[in-house]
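Before any questions on binding or motion, here is one chain by itself as C-alpha cells, the form predicted alone.
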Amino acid sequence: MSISGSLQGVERRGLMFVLSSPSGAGKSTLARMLIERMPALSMSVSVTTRRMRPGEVDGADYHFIDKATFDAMVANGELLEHASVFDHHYGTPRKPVETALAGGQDVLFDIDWQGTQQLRETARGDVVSVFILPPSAADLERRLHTRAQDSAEVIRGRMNRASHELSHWAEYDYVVTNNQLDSAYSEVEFILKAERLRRERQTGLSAFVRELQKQLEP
C-alpha cells in the first residue's frame, strides 16, 4: 500500500496496534471507533475458551473453541500470544496477522499486558502499545455496573484485578486517560497516524530519496 500518491515505489509495512486497560476503562469502545473510522485497519480476532456472551458472533468477536483445540494451537506455534484471564484462555492466531502486515495493513489488538509482552517478544518492531487509564476507581466501577454483563461477584473480581493491571502501565509506549471518550479517541487516533509515518515502516523510502536527489542534481 503506497503511503502517498506522490511517493511512487514507497510502500508501508503494517503495524500491530495494541490497546490495553483494566476492564471497564473503555479500550473496547475505543477499538470499535478506530475500526469504524480509520482505513487500512482491521481487528485481530482472538480465539477463546470462554462462553459466548449475548450479542457476540463467532468469528467476528472471537473464535470460540474448546480447551483441547486451544492447547493444540499453542503446541503448534499457531498463536502470536496467549494468556489466561479469569480461568479462560485467549490467544491471537498468527497467520492472518502476518499476512495483513506484509500487505501494509494494520492490525488492532484488544489484549491485556500479558499478551502485549508476548507480542513484543515475537514482533518488537511491529508493535505499538497504548494503555488506557480510567479517570478514577469510582468511574471504573460505575462503568462495570453500567455494562450489566457481569454478576456482582465478577465485578468485584475485575476491580481487584484492576490494581495489578494498572501496575504495568509503564511497559507501554503511550498512556491515554479516558476521561472523555471523544478526546481519548482523538489522542489514540493521533498516535496511530504518527506511527504509520515512522521512517522504518516505509519500505522503498531510501530508493525514493536517492532518485529524488538524482533529479535535483545540476
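Don't overthink the numbering: it's just position in the shown sequence, from 1. Since we're looking at a predicted model, the values are computed, not measured.
Absent from the display: the form predicted together with ligand 5GP. The rest refers to it.
Among heavy atoms of Asp110, some come within 4.5 Å of ligand 5GP in the predicted bound form. With a 4.5 Å cutoff on heavy atoms, Ser46 counts as touching ligand 5GP in the predicted bound form. In the predicted bound form, ligand 5GP lies within 4.5 Å of some heavy atom of Val85. Shown alone here, His164 lies farther than 4.5 Å from ligand 5GP in the predicted bound form, counting heavy atoms only. This chain lacks the partner; the member of Arg32, Lys67, Arg53, Lys193 within 4.5 angstroms of ligand 5GP in the predicted bound form by a non-hydrogen atom is Arg53. Shown here without ligand 5GP, the chain has Tyr90, Gly91, Thr92, Asp110, Ile111, Asp112, Gly115 in 90 to 119 lying with a heavy atom within 4.5 Å of that partner in the predicted bound form.
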